[in-house]
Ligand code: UD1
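In the block that follows, a single chain appears as structure tokens, in the form predicted on its own.
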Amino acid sequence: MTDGCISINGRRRLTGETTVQGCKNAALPCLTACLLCDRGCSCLGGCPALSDVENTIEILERLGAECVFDRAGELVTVRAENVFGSSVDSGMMNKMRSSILFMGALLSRTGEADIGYPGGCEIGARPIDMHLKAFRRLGVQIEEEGGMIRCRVRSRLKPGPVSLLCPSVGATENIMMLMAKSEGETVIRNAAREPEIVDLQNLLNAMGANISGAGSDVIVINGTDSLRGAEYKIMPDRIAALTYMAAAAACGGRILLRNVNLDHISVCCSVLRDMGAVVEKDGDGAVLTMSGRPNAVNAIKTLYYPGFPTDAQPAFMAAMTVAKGTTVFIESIFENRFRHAPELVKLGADIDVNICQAVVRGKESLSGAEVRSSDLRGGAAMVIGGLIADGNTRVRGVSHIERGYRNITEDFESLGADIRMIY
């Protein structure tokens, strides 16, 4: 992580091309799943050099796994045959939300797990009650004491039906890893449907698991005795792609993004077209062309996949600050996901926030200022705000952005932005 800031001289059309990184939200559970392999070596391609990826690798190594990270080639090799640990301390857990996935992986591998409570961005309540309730239903004994969650499988896991109160991505992934090596069939109902769930299923099956249904709301897990290492390529990062597309829609221009799956972002592409952008498939990527100011969209409501993703909401809000008309954002996933709005107001944006609703009245232009990101996706919104604004903008809190974007300044520079990291 860096203590510097991002300096942006705005009001430039974006023109150029860049390659979108591998998906952070797929890489983290896939790396964690490597713990399940009791033989062989796993090679995961497309793992971006992010702080969250680095932290996940550090946890794996502390548990006894051997890891090699070729950062330039974005390839992580994991050998987990000699895993000896079953505990993840609170300091490591606090660094990222996805650390909760070590609970399912460790229980599957060792029959026990002692972990702290997960951290991550402060964007609202993200309780792990669903994880704990499902695990208890599946035969795990759990005690919560002294800031730790102590989990044990005393005899064996108890496969069976599990119904989630809401389609939680983390709970779905945790159950998949817990039950991949169980004896019997587990059915997850109201499962999360995100593409990242499909990626995890595909990796686990490549390791020898028998899981089907990912991408739908019912996932069936038929447990197997053991898993082996596998080679796998992580999917493209759909949120990073949408960040660059939203920026180009706000600034105007023509950008080519390599390594994009448009099927994963179809709802957002529909919104971009409503804004006036032309979005076209180009081989393994996409081209976005935009002329003039974006059109406002009446309302954008975040929903579970395949709806509009909450992670894309900050970037699109930044774009709508210069739209022709008024857009209402309704945040239905996290109650504290508008923390970027006051920072955009510092740039001159006209935004009113009322709990989980934000009204954005588009203006012809914004003005550069110093702003600070307080979470990962809000930080991306600050960068887009700087790209839109007249004059110079400095974005602080860069460590949040580095959790999810490999080289956001270099990527935007490839797209024609006047942007750089300063220390």
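Since the model is a prediction, treat every value here as computed from it, not as a measurement. Counting begins at 1, following the sequence as shown.
A second form of this protein, the form predicted in complex with the ligand, is not displayed here; the remarks below concern that form.
Undergrad: Candidate spot 15, 252 and 315, all three in 4.5 Å heavy atom range of the ligand in the predicted complex?
TA: Looking in the predicted complex, the three residues 15, 252 and 315 all stay beyond 4.5 Å of the ligand (heavy atoms).
Undergrad: When the contact criterion is heavy atoms within 4.5 Å, does residue 131 count as touching the ligand in the predicted complex?
TA: Yes, residue 131 lies within 4.5 Å of the ligand in the predicted complex.
Undergrad: Taking 4.5 angstroms as the cut-off for heavy atoms, does residue 311 touch the ligand in the predicted complex?
TA: The answer is yes: residue 311 has a heavy atom within 4.5 Å of the ligand.
Undergrad: Does any heavy atom of residue 139 come within 4.5 Å of a heavy atom of the ligand in the predicted complex?
TA: No, no contact at 4.5 Å.
Undergrad: Heavy atoms within 4.5 Å of the ligand in the predicted complex: does residue 351 have any?
TA: Heavy-atom contact with the ligand at 4.5 Å: absent for residue 351.
Undergrad: Give me the residue from 97, 109, 339, 79 that has a heavy atom within 4.5 Å of the ligand in the predicted complex.
TA: Here the answer is residue option 97.
Undergrad: Quick one: of 229, 236, 167, 223, which gets a non-hydrogen atom within 4.5 angstroms of the ligand in the predicted complex?
TA: Looking at 229, 236, 167, 223 one by one, just 167 meets the 4.5 Å heavy-atom criterion.
Undergrad: Specify the contacting stretch among 142 to 150, 287 to 295, 215 to 223, 168 to 176, defined as having any heavy atom within 4.5 Å of the ligand in the predicted complex.
TA: Going by heavy atoms within 4.5 Å, the stretch is 168 to 176.
Undergrad: Which residues, if any, of 325 to 348 lie within 4.5 Å of the ligand in the predicted complex when only heavy atoms count?
TA: Contacting residues: 333, 334, 337.
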